[in-house]
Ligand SMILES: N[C@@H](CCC(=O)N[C@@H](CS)C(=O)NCC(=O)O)C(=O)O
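Just one chain follows, in the form predicted alone, and it is written as structure tokens.
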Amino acid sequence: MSATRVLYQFPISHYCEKARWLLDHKGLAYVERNLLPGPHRLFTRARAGVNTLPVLRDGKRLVGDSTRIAYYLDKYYPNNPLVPDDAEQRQQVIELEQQFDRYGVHVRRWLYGQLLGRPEVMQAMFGPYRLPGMVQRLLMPVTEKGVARLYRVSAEPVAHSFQRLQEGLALIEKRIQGNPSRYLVGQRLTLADITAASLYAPLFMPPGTPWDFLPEARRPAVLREQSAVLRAQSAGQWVMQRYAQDRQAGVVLADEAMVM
């Protein structure tokens, strides 16, 4: 085990949750380091050549992007493989992972379209950083505007994203054939399942995840209604079941904030 394995992340990012799940699935201990949105690029560009998080540091190696992290882990830590050896299943997992990675963008945009502007969202985003109150109050409106601009959180793109995220749920339905107990490929958890479940988790807010910060009674009516409808479907039940049965907590050595 590397004594310097660090996951650089945003606490409520579902792509960072995907990376956490990958590490936990492999049984690898790691340290979480939270980078501030915006200034994080000073680190990610210089160290990993990417603009986004997560970034994994494993000893002297730095790997950016959750998909690249998955394949890195399978190469260097082959226990509990994420991608099957069987050629046909392997191809299915690779294709599904790519599809759900794209659907994750639409889950994020639609949810921000419903929640951006609520103080609880920025509190959940900045809470883990333990910033002084004045600094946090200054950063919140700037970050909120930045999120809206970066992710194109406006009426038309948000409406389009709801259609796209429904396509992803329909794909889950097709793969599991109405049975939430089934995996997307084969008889065990793979990279396809971890990607789909983690990237759709914010929509369903499973207990104990970073997205259950807002009690259901305080959620906007549209979000409550749509989440209830989608949760009643097999795909929604599948996401919740994957979290209940397969999302095992890993060994996090520390939870540190890095302000950049």
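All residue numbers refer to positions in the sequence shown, first residue = 1. In this text the structure is predicted, and so the values were computed from the model without any measurement.
As for the form predicted in complex with the ligand, it is not shown, yet the points below apply to it.
Looking at Ile194, you'd find every heavy atom of it more than 4.5 angstroms from the ligand in the model of the complex. Although the partner is absent here, Arg247 sits far enough away that none of its heavy atoms falls within 4.5 Å of the ligand in the model of the complex. In the model of the complex, His25 stays away from the ligand, with no heavy atom inside 4.5 Å. Contact check for His106: no non-hydrogen atom falls within 4.5 Å of the ligand in the model of the complex.
A heavy atom within 4.5 Å of the ligand in the model of the complex is found for exactly one of Val135, Ala159, Val142, Leu150: Leu150.
Checking Arg41, Arg231, Arg33, Arg219 for any heavy atom within 4.5 Å of the ligand in the model of the complex turns up a single hit: Arg41. Contact annotation for the candidate site: Pro54, Asp65 and Asp101 all lie close to the ligand in the model of the complex (heavy atom within 4.5 Å). Proximity to the ligand in the model of the complex, taken as heavy atoms within 4.5 Å, picks out 150 to 158 from the listed stretches 114 to 122, 166 to 174, 150 to 158, 81 to 89. Residues from 10 to 37 that approach the ligand in the model of the complex with a non-hydrogen atom closer than or equal to 4.5 Å are Phe10, Ser13, His14, Tyr15, in the order they occur in the chain.
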